[in-house]
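One chain follows as structure tokens, the form predicted alone.
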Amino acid sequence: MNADRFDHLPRIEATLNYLAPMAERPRNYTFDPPPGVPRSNSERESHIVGIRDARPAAADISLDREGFAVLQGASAVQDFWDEDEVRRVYYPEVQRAIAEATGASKVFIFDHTLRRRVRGAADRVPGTPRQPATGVHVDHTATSGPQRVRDFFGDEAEHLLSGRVQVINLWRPIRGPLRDAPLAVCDAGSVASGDLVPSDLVYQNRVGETYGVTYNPAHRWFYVPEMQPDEALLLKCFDSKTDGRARFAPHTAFEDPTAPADVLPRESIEIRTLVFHEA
């Protein structure tokens, strides 16, 4: 498929925050670090980019080519802030949706995050909802994707890793139309390997690894404007296949310059899954 087929899509110009090139390994803490240690040693570099409207081309965008996909379908969940209902109702819905989209033999949900935008609030602050992630990133890497399998499956992990394994997120606004801090996703085929920078994400009990992303003018960005709760995005954050299929799709929240000042604050939920295919 020729990337030029996307040139006709409507687009906006917006600012995205990339990782600035740096000599040391990026490190970000999810909690207050020891005295004298900065919460993050990385700096961001802002670039204005064109972000295409993916909705007219949704049928031609796929997880294995661009690294993301647009899904249609309402959830039966009445209250996404009800933890029990999310696990009881939404988890099975997500497992079915991802299995249908990928042909997977097993979909394991290992994490979910709810976000409610509070203007001026920092992320990961006690007493404040999780905030939109405003730096270009990928949730997992070539190292941390397989490690997540080992973390959760113990002795069974190596057998599972002998087949194809993916980390796929399902991201959904939980009220709409969403115009505040929408999600932009980068076509994985436009990302060079050198754009992806392994970065430590430090928790109190473990150190995870994500990719920070440095700027490349070749990046092709997409979003779905004014998403409703009956729409969702699938984001590929890791794929063990190295045969040319998309493996890592960078993404970030961004400020839509066309949004009115009085937009509803963003509320969203993302489910993170390990997706297995029989060897």
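Predicted, not measured: the structure shown is a model, and the values here were computed from it. Note that residue numbering begins at 1 and tracks the sequence as displayed.
There is also a form predicted together with N-oxalylglycine; it is not shown, and the following applies to it.
- Taking non-hydrogen atoms only, residue 176 never approaches N-oxalylglycine to within 4.5 angstroms in the predicted bound form.
- Using a 4.5 angstroms threshold between heavy atoms, residue 208 stays clear of N-oxalylglycine in the predicted bound form.
- In the predicted bound form, N-oxalylglycine sits within 4.5 Å of a heavy atom belonging to residue 251.
- Using a 4.5 angstroms threshold between heavy atoms, residue 112 stays clear of N-oxalylglycine in the predicted bound form.
- With the partner removed from view, the residue among 149, 167, 186, 183 that has a non-hydrogen atom within 4.5 Å of N-oxalylglycine in the predicted bound form turns out to be 183.
- Note on the partner interface in the predicted bound form: the residue among 77, 133, 97, 160 having a heavy atom within 4.5 angstroms of N-oxalylglycine is 133.
- With N-oxalylglycine left out of view, the stretch that reaches within 4.5 Å of it through heavy atoms in the predicted bound form is, among 189 to 197, 86 to 94, 68 to 76, 137 to 145, 137 to 145.
- The partner is not shown here, and in the predicted bound form the stretch 72 to 93 never reaches within 4.5 angstroms of N-oxalylglycine through any heavy atom.
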